[in-house]
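So this first bit is one chain, no partners, the form predicted alone, shown in structure tokens.
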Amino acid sequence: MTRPTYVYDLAALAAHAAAVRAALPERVELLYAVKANPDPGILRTLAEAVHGFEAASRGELDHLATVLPGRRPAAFAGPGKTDADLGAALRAQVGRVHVESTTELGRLAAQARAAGRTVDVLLRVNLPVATPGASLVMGGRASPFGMDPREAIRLADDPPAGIRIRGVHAHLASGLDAVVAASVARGVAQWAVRHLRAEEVNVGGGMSVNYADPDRRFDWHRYGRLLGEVLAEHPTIRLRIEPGRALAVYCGSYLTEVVDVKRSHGQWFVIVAGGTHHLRTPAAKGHSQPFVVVPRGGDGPRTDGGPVTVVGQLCTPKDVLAHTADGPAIAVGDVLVFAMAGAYAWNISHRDFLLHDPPDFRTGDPLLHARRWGR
């Protein structure tokens, strides 16, 4: 049996990233959040389209240095940075360190002075900016992320030696449409210019991705036009955005074979090789992962074309990849191609649970791979 396989369509990724960058105004820098998917092929492909990369751990810094030697990370972020993390950022000559607290700034300043360096910093600020419709809120209320506005103002007024504060980082929420995301950017920029006289404003990522309706995508052209209005209001600043999921999610597919179908208390269950230990996204997000069926003409058991629940091989009822209301009949031996598996999929999965084999990885057209399955 062929192992479950991730297939990354790197040509589609390159085209999508180029279209996103083309939709943005000149003074908006496009970074890729490595946490979304650090696959080397994805990073090398995006290196040609984005302005830079945002790392959120020492491991990501090391990984970027291996995959893209000589390319300095544009930003280093994440809460709870240790002395070792900050030292790694200094050695990597990161463009901007996103500082989360007074303690973190003091640690960074001490290392900068010891190295005879001045480090460029953005203060991550937890601003009270509205984020209606967000699927995940990380700011605007009590949060472990970033610092209170008054603390940021105090630090900007009297930064320690070795630190140059360039502006503000404020990733406040995820799952935002273009209008809300641009409104958040406007609110952050207004605060940063008024209170910190910022020259740079990083508004993070959080662009919406709709797993229930894959064709309903974030409106990058509208977002770009609205960011242009923000820049016109603040002609001295430069904006940065850091999408991860919204750049990479569409390029990846997870292919796996049906190993069994059965009815239980009147419901059809389709059991596939693999499961949420390979593709944790639906369990983490609480949705059904979209998929298509590539029939293989088997003569074994098959569903009747009605509702099914697609599950994996784990010993837990939470190992569910999808529920469907209807669809084609599914037979043992068919291949299911799960779309939108290019971000927060394999890299967030509990891959050692039950110690099943890991998936394979390929590049190209996922449907072509599915039709050649097992050959």
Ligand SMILES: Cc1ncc(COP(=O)(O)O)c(C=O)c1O
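Numbers follow the displayed sequence, beginning with 1. Only a predicted model underlies this, so the values are computations on that prediction, with no experimental measurement involved.
This next part talks about the form predicted together with this ligand, which is not shown.
Residue contact with this ligand in the model of the complex: K35 places a heavy atom within 4.5 Å of it. Taking the partner from the other structure, this ligand in the model of the complex has no heavy atom within 4.5 Å of any heavy atom of R166. The closest non-hydrogen atom of M207 lies within 4.5 Å of this ligand in the model of the complex.
Taking the partner from the other structure, this ligand in the model of the complex has no heavy atom within 4.5 Å of any heavy atom of S101. Contact with this ligand in the model of the complex, defined as a heavy atom within 4.5 Å, holds for exactly one of R186, R107, H234, H171, namely H171. The listed set G252, G146, P73, P243 contains one residue whose heavy atoms approach this ligand in the model of the complex to within 4.5 Å, identified as P243. None of 221-229, 273-281, 198-206, 113-121 except one has non-hydrogen atoms within 4.5 angstroms of this ligand in the model of the complex; the exception is 198-206.
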